[in-house]
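For reference, the chain that follows is the form predicted on its own, supplied as structure tokens.
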């Protein structure tokens, strides 16, 4: 999404007040939420093991937000069905995802972790919201257009897939979320959520906050082939990978094509391995930059050095992960506890919805 488009979305009815903006940045939080912690809903689809791109782009920011917000963490197992109808492994995948989250630093005592399918109010609010949006509005969603193109499913797109922004809005507003942490390319998703909140409130009465997109540090980490990191492409380093596997995956990683051998001067600014150094070896980037540009540092040694730094960073997470893997029942109990807490909030929201709609 372009900066021009974000600025357009940021302007609500021509107001430039920071309290009226649709997109909030980290530096704005203390000003906008000076009297209370904002409530944040974050989630992922359980579609397989998480990689270091998930850690950098989502888990690390989520962990930092725990100190300044009231966080709810959703395992979006209903959403997983939009691209794969096989639900037989969703429970195992959900437990595995929860393990990654907890190992990365999510504290379920303060930020409940729960499965979408276990909170039936998600489905009810989705149904109500589906009455408030037109088919044409959903089809204009740029993310839907991109998925149709990328997956080649124009004639095979299900109603559930087309309507996933409706369920996503229900997910967020069911917990009366103030903020949703997103990257710039996901701001339109939050705009649809804002539309639902405004439309419902206008029709029935004020129940929902007008949710804002929260843009924090969400870098998009490239995969080892230099392209977007993706499990389906197979260009990832997993959070759960061993130290040996991490080094093995880095060996064929894409580097500066002009640096064919040690001694050739390189261009760190076009090398993904250097971007990894910037993340995991920040104190050593000057040395790496000088060695690369002079030719004194070869790509093999450069990859080995950053692999060591990545492994050093993830060692405590991987150790914690191994311990949790040995006790899946403990993780399941964490989910059940989180679902109890989430269900209480969801039930209160739906009571307000029913009262506003004069149901019952």
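Residue numbers count along the first chain shown, from 1. None of the values given here were measured: they were computed from a predicted structure.
Absent from the display: the form predicted in complex with a small molecule. The rest refers to it.
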Touches the small molecule in the predicted complex: residue 53 (any heavy atom, 4.5 Å): no
Contact test in the predicted complex: residue 38 vs the small molecule, heavy atoms, 4.5 Å: no
is_contact(residue 168, the small molecule) in the predicted complex, heavy atom dist at most 4.5 Å: yes
Residue 212: touches the small molecule in the predicted complex, heavy atom cutoff 4.5 angstroms: no
Residue stretch of 280 to 288, 256 to 264, 171 to 179, 103 to 111 approaching the small molecule in the predicted complex, non-hydrogen atom distance within 4.5 Å: 171 to 179
Of 230, 186, 91, 83, the one that lies within 4.5 Å of the small molecule in the predicted complex (heavy atoms): 186
Contacting member of 68, 63, 44, 32, with respect to the small molecule in the predicted complex [4.5 Å, heavy atom]: 44
Full three-residue contact with the small molecule in the predicted complex, heavy atom 4.5 Å, for 238, 309 and 314: no
